[in-house]
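The same protein chain appears twice below, in two forms, each given on its own as structure tokens and labelled structure 1 and structure 2.
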Structure 1
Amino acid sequence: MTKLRKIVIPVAGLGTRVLPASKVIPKEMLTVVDKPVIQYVIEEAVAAGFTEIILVTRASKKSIEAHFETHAELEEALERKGKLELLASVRDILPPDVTISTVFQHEPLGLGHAVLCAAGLIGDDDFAVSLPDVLVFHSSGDHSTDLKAVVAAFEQNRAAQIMVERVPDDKVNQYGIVDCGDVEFQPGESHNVIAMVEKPAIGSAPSNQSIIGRYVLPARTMELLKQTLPGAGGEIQLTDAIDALIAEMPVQAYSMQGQTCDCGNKLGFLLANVEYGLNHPEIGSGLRAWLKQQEF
């Protein structure tokens, strides 16, 4: 396996679950406290050691790329006024050794198709996939803790990794669930996947471990995606390619230590703002004090 450098982040979706906010502004550019969602996701990837960010995008989402470009006029104004902390917040978003490339998904043909759009940039390399709707929050403040652990498990175990999170038993019918046999999951552990079940009926789920949108995959996955036929809704599903991968080599589920914030829906987006707001060095104490005063 090659050293992991490349991560695919599909951002071409229409964001219908957060309309009307996403009618003009890409959902990935909606802010959680003071940063757009996509910045958190890319910062997580960079902290985990990825240096080549591949955005699978569409023409109407140029503001995502623009956010990570130099804004000379703004930087000059902040420097002139001595607002150095604000200057650092816009100038130092990405380390100099990190690149962002874009490829286009011209039709919404599924997550598998979006990942396949990046095949030319992935080449024969192993790679990761990170969904921008989902933020991974860790109480330590290092929100890349789980992605770092997934990368380490991939390299140590020589097995593809799917990050999963425990959900309540009465919610399993809302998620993709992994089947790892009779294994008892502990946070931070990886176990071999037998199969994946999409939205199983309550009471029949093989586990309560849901797939959350972080994957580390061998290069072979791209070849399998090329052979994957459209499934539900005429879309090419990444899980179908991973199912085929399971027949060829080990695939493991990594049980995360942190928690997810699903910014792809209105309630999840609001809760993410509260969670990150409470832990923000500038406004955390004020938000906590205000919440304590409220009678809900």
Structure 2
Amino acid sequence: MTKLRKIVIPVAGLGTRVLPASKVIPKEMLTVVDKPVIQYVIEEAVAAGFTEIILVTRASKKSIEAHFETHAELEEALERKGKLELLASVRDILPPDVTISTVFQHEPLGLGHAVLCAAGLIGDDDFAVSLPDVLVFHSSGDHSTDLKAVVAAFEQNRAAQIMVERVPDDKVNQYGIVDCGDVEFQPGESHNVIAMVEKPAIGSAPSNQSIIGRYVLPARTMELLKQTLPGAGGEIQLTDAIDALIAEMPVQAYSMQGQTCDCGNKLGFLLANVEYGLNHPEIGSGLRAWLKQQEF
């Protein structure tokens, strides 16, 4: 196993679930309180030790990369005015040793296909995948707690790690679902997966443990993705490639400790703003006071 440095973040999707907001602004650039969603996802990855961020993107979403580039004019203006806190907030988004590369996904053929677009940059290295619709929230404020834990579990257990959480039984058809047999496992624990299925029909799912969009995978996954045929929704599914991996090496589901905020739909996006807003040092108390006054 190689040291984990690379993380693939697919951002080429059209964001149809949050239209019209995402017509021109990429859904990953919509703000939760004061930062675009993608910044939280990249900060989580960097805090967990990843130094090579690979965005699988499309040409119309250039603003995602631009957000992480130096903005010399803005920085000079803030420095001149002595607005040092704001200056730090735009200048120090990424530590100097972290790089962002981009590859294009030319056709929307599914998540598995998006990840496969990064194969040239992954080479023979093990890697992680993070889906930017989902923010992982921890009330402690360290939102990378679970990603750090799956990295550690991957290195200790020498098994692929798939982060999961339980969903209501009538929502299983919206997610990848893992089958771990009858084991009950606690938040923070990993257990071997027997099988995985993408978006099973309600009533036929092996469990209600859903894949939330954080994966740590061996390099071999890329080879399996090359052989993966279109599955659920006619798309090439990452879930199917990982299911094939189970025949070759242990794959484990990791039960997350934090909670997910799905910014890929309107209600989830609004709730993420409330959750992160309540936890925000500048506006948290004001938002809490306002919420208490409301008569719902």
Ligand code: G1P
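Take the two forms, find the largest set of C-alpha atoms that superpose within 1.5 Å, and that set is the rigid core. Small disclaimer: the values here were computed from a predicted structure and weren't measured. Residue numbering: sequential along structure 1, first residue numbered 1.
The form predicted together with 1-O-phosphono-alpha-D-glucopyranose (G1P) appears here as structure 2; structure 1 is the other form of the chain. Once both forms are fitted on their rigid core, the CA atom of Asn173 lies 2 Å or more apart between structures 1 and 2. Remark: with the core as the superposition reference, the CA shift of Thr221 between structures 1 and 2 stays below 2 Å.
Comparing the forms between structures 1 and 2, the C-alpha position of Asn208 differs by 2 angstroms or more, with the core used for superposition.
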